[in-house]
Structures are given as C-alpha cells and as structure tokens.
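Single chain ahead, by itself, as structure tokens, in the form predicted alone.
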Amino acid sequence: MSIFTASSTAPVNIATLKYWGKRDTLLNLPTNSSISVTLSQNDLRTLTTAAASEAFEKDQLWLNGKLESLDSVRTQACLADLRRLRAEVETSDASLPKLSQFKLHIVSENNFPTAAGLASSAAGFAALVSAIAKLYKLPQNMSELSKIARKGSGSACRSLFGGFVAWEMGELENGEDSKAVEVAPLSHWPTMKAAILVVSDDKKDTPSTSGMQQTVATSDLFQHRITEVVPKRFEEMKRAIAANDFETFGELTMKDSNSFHAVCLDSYPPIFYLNDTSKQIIKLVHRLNEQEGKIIAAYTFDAGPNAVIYYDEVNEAKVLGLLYSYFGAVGGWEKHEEVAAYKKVTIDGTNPDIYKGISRIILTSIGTGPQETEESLINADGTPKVA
C-alpha cells in the first residue's frame, strides 16, 4: 500500500502579554491581542508525523505512545480546514493523489510534561497543523496556517513563528483576521534567555478553557483589563522588543502576568494557578532586581504554577547565580556545568527550602518556528514506531 508521510517539529511559546478570555469559543477568538516569545526546540518541542493512505480505515492519533481520541470539535475543525485546502490544491492539478480523501494517522511526541502549564497544547496543535500542511504540500503562509492552529488551541497560532510573535485578536466574526504575525525574528534579539522552574508537572486543577470562560463570566476586573490595560501594553511591548529594551520588556511582562492572575483571583469562585512556591519565586526576582538597581530578570506565569524567568545573556551570571544558589539541588543543571562556577547570589530572608517545591529546571533560549524534519514516528505500514 502507498503511504504518504511528513514530519514537523513545533516549539513552545510563553506569552509575555497574556491571552485570557474568548469572544467566540468555537473559533477560539480572543478578547484581547497577545505577544509571546518562542522558546528553543532543543529543550521544548513537539515532534509530529502525519501519514495518509487509502488503506487507512479511520483517522487516528497517538500522543506520547498512547492512542487518543480525535473526536474533539477543535481537532476536527483543524482537520476539516486542512483537508479543504488540500482539496483546492487537488482541484487545480488532477494528477495529484487525492490525499484530502484519505484517512490520517498522526503520531506526536513531546519532550516535556503534557498539560502542566508548559504550553503543550500550543506546541501540539502547531506541530499537527505544520506536519499535515507539509504532507498536503499546502501553499499557505504561516499566518494563514495560524488561523487553523488557532481553532485547535488559541496560543498554538503563536507557535507557527520563531522569535517574538503577536496574535492579533482581529475584529471579524468569522475569525479571518485573528492570526499570528511576527513581531521580531530570532535574529533580532538572539541573546534572550529563559529559565523555567517546573513547580509541578501534574495536570492543573482548572483547565485553561473552562478557567477563562469562568473569568469572562464573573470577573469585574476583566473588562478593564481587555479594554484599557492590554491594548496600551500591546503597543508598549512591541516598541520595547523593537528597541531591545529589556527593562521595559521585563516590567511589562511581570505586570501583565500579575494582571492575568489578578483576574483569575477575581473570578467567582476564584481560580488559583499560583502556589506558595510560585509566590516565593516572584519575591525572589523582585528582590534581585532591587539589589541590582534595575530589571535584569522578569518572571511570567501562565495558567499553572511554573515560573518562566526571562533574562538577557549579558546578565546570565547574576540571574543563574541566584537560581543556582537556591535551586542547585534540583535536576536540570546537568547540561550546564558552567553555572556552578558563577558567583552565588543570595537574597536575605529567602526561605532556604524553596527548592523543595521545584521538580526540575529547564534552561533555554529564544528559538525558531516549526521545522520540517526527516525524522519519522510512523513505520512503513502506517503504525506508530515504538520507542
């Protein structure tokens, strides 16, 4: 039997200006625009292989070695859009195989914990859309494809670009202008780094989808955030990125993280994504910046307790000197032996047992968008390869 395959990797992105709240849940249209940093796929990525064959009896998805359902409305919306675009390609060239009519086998693997506040759904849907777009040889650019990835997971649209990315909320009811665009490429600010403190790799209590709708329905602060705070901050953050202004970028990033979690707390009942360890990390970063007399590190927290701390490479010794002083006992430093030589940075009054709330640290940097790869997760007979 003939099997057509293509593989793609896709990155995690971490928002510095948060998306929270939908004006259309089916199309995943946000109530505000957002900005993110794409992280390096060397450390955080999803690899997806898509295969199509006339012999396949049904669409199937394997995630991290486990057969998963493809029945969700979100996933079906993505597959329907991709098949429609492939059918258009086939109509223009009758000699092409009718891949749009074949069933798909999709195999996907993450190299990081799934559903733990590390943007696994963003990387997952970006990789799925990228792999199938490669398989179908679609001519659409990444912004156009981002509108499809958005239907799977809102933040997935931003994982179709590297560097710094904006998701423009758009105004049209059909979502055709709600898409991701590049703010600045990786080459614009290659010295941007990130340290991820994995506070918990358990699945979160309140999934993002239900959490944000709870906020939209019950938070009094929410309307002020989306009408007054975010639009202004959106333009300010783009200017800070364009100017490689870390202090402004860092201040805006931390303020927006705090604003996002404030509306979560203002929801009824309140939504708690941060825990005590998260709060101690926030204090630690502020104290470091106060000690330095300027912002050299900036925290942000998505819908989970894990901290992402951004810094510029020029301040790496100070930022990692601080983190290694308190979290040197946790896993993740093995590939970064040079950090042990950095001068230790300590902050008076910090709980020395703070490391007990951390399961690992991931040191990474700014990265590229989806990459086509020859690596395949599917055997010649269309079954998943077993690791």
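All figures in this text were calculated on a predicted structure; none of them were measured in a lab. One rule holds for the numbers: they count along the sequence shown, beginning at 1.
In what follows, reference is made to the form predicted together with another copy of the chain, a form of this protein that is not presented.
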Heavy atom within 4.5 Å of another copy of the chain in the predicted complex - residue from Q101, S143, T191, N258
N258
May I ask you to choose, among I282, A166, V216, M169, the residue with a heavy atom within 4.5 Å of another copy of the chain in the predicted complex?
I282
Decide if the three candidate residues H224, S267 and N275 all line another copy of the chain in the predicted complex, where lining means a heavy atom within 4.5 Å.
yes
Which single stretch, out of 295 to 303, 155 to 163, 178 to 186, 309 to 317, brings residue heavy atoms within 4.5 Å of another copy of the chain in the predicted complex?
295 to 303
So, in the predicted complex, is A262 in contact with another copy of the chain at a 4.5 angstroms heavy atom limit?
yes
Does at least one non-hydrogen atom of R233 fall within 4.5 angstroms of another copy of the chain in the predicted complex?
yes
Answer for E251 alone: is it within 4.5 Å of another copy of the chain in the predicted complex, judged on heavy atom distances?
yes
Going by a heavy atom distance of 4.5 Å, is E173 a contact of another copy of the chain in the predicted complex?
no
